[in-house]
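Here we start with a single chain on its own, the form predicted on its own, put down as structure tokens.
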Amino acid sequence: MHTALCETLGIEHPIIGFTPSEHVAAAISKAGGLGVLGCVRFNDAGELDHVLDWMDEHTEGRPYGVDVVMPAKVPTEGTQVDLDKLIPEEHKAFVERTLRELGVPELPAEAEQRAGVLGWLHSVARSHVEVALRHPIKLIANALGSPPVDVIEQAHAHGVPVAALAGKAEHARRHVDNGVDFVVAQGYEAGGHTGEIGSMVLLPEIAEAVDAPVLAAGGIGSGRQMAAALALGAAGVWTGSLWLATEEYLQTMPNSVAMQTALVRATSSDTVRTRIYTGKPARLLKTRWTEAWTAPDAPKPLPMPLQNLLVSPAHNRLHEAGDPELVSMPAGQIIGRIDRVRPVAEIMADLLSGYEEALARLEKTR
């Protein structure tokens, strides 16, 4: 499986894997794809710098990238203390009451009590870009569309291409006009922030709308789906949820056993698109926690980044509780294909063999 994208990024296979785990990202790169490390979990630029040092040492010289969360239109500044004051007491009370009713214990004293994810802030995302450009990264992606033009120019000055997610053809055209190099056409099926158009419709629309390489995202979890994406005009695929149930993920986040158990049990119907995670529409694993937010007395989700600051302490407790029915995690509909926890290299091998099998089937129909 080889396209022009491979030459551009210096990879063997046009498979890009997004993950919050540096161990998974490194394994994807070593298997011939491009591992892209999500930076939003790093509140401190020094912490990100340390992890990227680790990536430099453990990717065997293979390319890797980073993903930031940077709103282009409305920069959000301020400290967490300032932002906490903007969260209504009604919302705080609902979260505490819900955790109590679900039987979620307080965090143990020895557990890491991470603050709300300040990586959603524009200012913190800029610091992520500055740190990342001090490392030999091969791609910067922005999960919220185009970064500001000056950030794109900053990346280009370092010889680093920029990718941006798009849920509509008009978004893709705007990205390219702003200087974005690759457009990630992310369909409705995808985990995390998604639009409202399914991949089968969205991908060819965007491929026809822009003169730039397009990556297919949303519902990509097998070789036959990769073959379909390339047939629809993609230069490669962008995968995410597929890598959550991997052995390497536990090396970064050992308290994720319950989350992986939930994913293995889940079907493709067990996700929900909601604003309760960040304040913007995002597809999550459906659990008792997400169901609680649909109750008549539940408050409306707050705008980004306030919603994430509100629920982040709750997410810490939910994950630490270790109950598969309660965990909160962005996940796409492709989780229905996950039937066990596997190493990254095995998943990559299955993707490639499945792609070859799909091409062979097509050849027989000619």
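Since the model is a prediction, treat every value here as computed from it, not as a measurement. The numbering used is simple: start at 1 and walk along the sequence shown.
The same protein also exists as the form predicted together with a further copy of the same chain; that form is not shown, yet it is the one meant from here on.
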- Examine E346 and determine whether its closest non-hydrogen atom to a further copy of the same chain in the predicted bound form is within 4.5 angstroms. no
- Message: Can you tell me if T3 lies within 4.5 angstroms of a further copy of the same chain in the predicted bound form, counting non-hydrogen atoms only?
- Response: yes
- Item | is_contact(Q154, a further copy of the same chain) in the predicted bound form, heavy atom dist at most 4.5 Å | no
- Close approach of I334 to a further copy of the same chain in the predicted bound form, 4.5 Å, heavy atom: yes
- Within 4.5 Å of a further copy of the same chain in the predicted bound form, heavy atom basis, the matching stretch of 289-297, 174-182, 274-282, 190-198 is 190-198
- Task: Using heavy atoms only and a 4.5 Å cut-off, determine which of L144, L242, M259, A207 is in contact with a further copy of the same chain in the predicted bound form.
- Result: A207
- Task: Taking 4.5 Å between heavy atoms as the contact cutoff, choose which of I87, A228, L250, L107 touches a further copy of the same chain in the predicted bound form.
- Result: A228
- Item | Within 4.5 Å of a further copy of the same chain in the predicted bound form: residues from 261-286 (heavy atom criterion) | S268, S269
